[in-house]
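Before any questions on how it binds or moves, here is one chain, the form predicted on its own, in C-alpha cells.
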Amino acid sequence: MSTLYEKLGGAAAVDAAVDKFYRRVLADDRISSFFEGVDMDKQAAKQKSFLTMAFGGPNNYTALDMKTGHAHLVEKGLNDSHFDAVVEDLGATLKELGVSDELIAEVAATAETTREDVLGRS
C-alpha cells in the first residue's frame, strides 16, 4: 500500500505544493500577518520536511514540535479560524496542482490531527 506521500507524487510534488501554498498564504489577509518577519525560505524548508513526514515519507523533520513551534503565534491570537484558513489554502493549492478531491481530503485529515497541538490545547 502506498503512503499519502507517494500518492501525492513524492518530494517533487511536496516541494511544488509548499512553494505555491506559501504564495497563497502570504496573499491571504486572514493569516499573512503571522508570517511578518519570517524567513520564508527556512519556513518552506521546515514545512516540506514536516509534510513529508506527516504524509508518510522519509522522516527528516528536526524542527520544534507543533505545540512549541506555534506557541508564540497562539500568544498573538492564532485560533481555529486561522487554522481553518491554512487548511483551506493548502487544499486550494493542491486543487490548483490537479490533486484529486480524495487525496485533498486525506491531506486535510492529516492536517487536522495537528490542530490541538498547533493551538496549544493538547
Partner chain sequence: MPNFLFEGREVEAEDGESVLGALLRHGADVGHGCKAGACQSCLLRSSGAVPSSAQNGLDETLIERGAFLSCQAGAGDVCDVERLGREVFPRFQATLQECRRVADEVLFLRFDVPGWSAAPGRFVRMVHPSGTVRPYSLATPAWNPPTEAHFHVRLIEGGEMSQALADSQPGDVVELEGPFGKCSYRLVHGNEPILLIGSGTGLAPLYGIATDALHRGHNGPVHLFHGGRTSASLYFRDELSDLAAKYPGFRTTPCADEDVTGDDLTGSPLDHALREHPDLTGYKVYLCGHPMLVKAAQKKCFLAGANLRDIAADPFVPA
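Residue numbers count along the first chain shown, from 1. If you're wondering where the values come from, they're calculated on a predicted model, not measured in any experiment.
As for the form predicted in complex with the partner chain, it is not shown, yet the points below apply to it.
Proximity to the partner chain in the model of the complex, taken as heavy atoms within 4.5 Å, picks out 41-49 from the listed stretches 56-64, 87-95, 41-49, 74-82. The partner chain in the model of the complex is approached by D19, whose closest heavy atom lies within 4.5 angstroms of it. Interface residue remark: D29 is not counted as part of the site for the partner chain in the model of the complex, having no heavy atom within 4.5 Å.
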